[in-house]
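Only one chain is given next, in structure tokens, and it is the form predicted on its own.
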Amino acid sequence: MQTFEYASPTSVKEAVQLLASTSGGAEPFAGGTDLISAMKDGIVTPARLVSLQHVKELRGIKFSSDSGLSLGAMVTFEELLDNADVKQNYPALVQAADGVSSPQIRSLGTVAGDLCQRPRCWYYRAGFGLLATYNGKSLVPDGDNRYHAILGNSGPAYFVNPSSLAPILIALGATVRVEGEGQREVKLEQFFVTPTNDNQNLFALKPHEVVTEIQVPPPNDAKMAVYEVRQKTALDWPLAAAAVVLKMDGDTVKSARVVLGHVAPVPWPAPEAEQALAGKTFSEDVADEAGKAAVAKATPLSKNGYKVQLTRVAVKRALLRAVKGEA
């Protein structure tokens, strides 16, 4: 690991100034569960780490039935899982956080850090860049692409977004608040960017901006669930995941949001699945049709076709979990 300077501000304003005032590049440091490993691998080599650990304004969970949920950027997975308001009003958010089974990551990993993770693509982690190229050609289509994208993979990006929380937060209509030269809000659905070159930012952040808060609208009696498919129950990233939020009128689906995870370079909304649900009397057959619709436009690579079936099943089981408490 290359040497670096460590700064520990106590306010967002000071953190932004420290990020902007170094010529060698700076990175915000939250829990560090992703950043430190990326630095060890030589993927990022910041001249300065700006710790957010002592910025009190980035902490805390607030809930109001009128305004919804506010999550400070530095809220940990453990705090999210233990919060009574989150458990009662956003059970799917708890399901998503519960999928991160490592006690170490739960105690250190933060909600903003989860959203801003770098890809887990092994080509990227081995130093071949975001687009995994060698001599101008992508290594992924003819290489080991078992865990790569089946949607949004027309090129040049083939990695999958690794966030556990993003799919359900997008389905819930969440917004992120960021601060740099000023404050602004970005719909979470528009926060993620599919890069077209190795130097492009993966997130809709301007230079020296930091995420300060995630705002989630009130649940308004919506039914919601997350379902993830993994190779093992121990700490592992899902092969496919689905997050669903349904507005119901009795047994009829008034409206639906379906967002897929770990199958595309960004969290992937599935409007085809939403259309397959809207206006229908909910049943297992309807859930199955929604699962089929969610992957109708999938374009698997040479070794990841199995993810199409896993994604279809994840959508169906998320829907059954949301409406009937089944999976």
Partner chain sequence: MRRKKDQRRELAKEGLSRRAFLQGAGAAVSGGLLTAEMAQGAPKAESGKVVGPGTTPITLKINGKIHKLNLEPRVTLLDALRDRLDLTGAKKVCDRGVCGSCTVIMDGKPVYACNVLAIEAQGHDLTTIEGLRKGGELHPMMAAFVNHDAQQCGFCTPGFVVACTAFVNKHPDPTLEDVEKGLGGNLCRCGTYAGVRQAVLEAAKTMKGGSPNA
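Keep in mind it's a predicted model, so treat the numbers as computed, not measured. Positions refer to the first chain, counted from 1.
One more form of this protein exists, namely the form predicted in complex with its partner chain; it is left out here, but the text below deals with it.
| query | in the model of the complex, does each residue in the set 153, 272 and 301 place a non-hydrogen atom within 4.5 angstroms of its partner chain? | reply | No, none of the three is in contact.
| Only one of 183, 88, 252, 102 has a non-hydrogen atom within 4.5 angstroms of its partner chain in the model of the complex; which is it? | That would be 102.
| task | Please determine, with the chain shown alone, which of 262-270, 28-36, 288-296, 275-283 has non-hydrogen atoms within 4.5 Å of its partner chain in the model of the complex. | result | Result for this chain: 28-36.
| query | With a 4.5 Å heavy atom cut-off, would you call residue 126 a contact of its partner chain in the model of the complex? | reply | No - in the model of the complex, heavy atoms of residue 126 and its partner chain never come within 4.5 Å of each other.
| query | According to a 4.5 angstroms non-hydrogen atom cut-off, is residue 57 in contact with its partner chain in the model of the complex? | reply | No.
| Is there a non-hydrogen atom of residue 10 within 4.5 angstroms of a non-hydrogen atom of its partner chain in the model of the complex? | Yes, residue 10 lies within 4.5 Å of its partner chain in the model of the complex.
| task | Answer for residue 142 alone: is it within 4.5 Å of its partner chain in the model of the complex, judged on heavy atom distances? | result | Residue-level check for residue 142: no, no contact with its partner chain.
| message | Using a 4.5 Å cut-off on any heavy atom, which residues of 1-26 would contact its partner chain in the model of the complex? | response | 1, 2, 3, 4, 5, 6, 7, 8, 9, 10, 14, 18, in sequence order.
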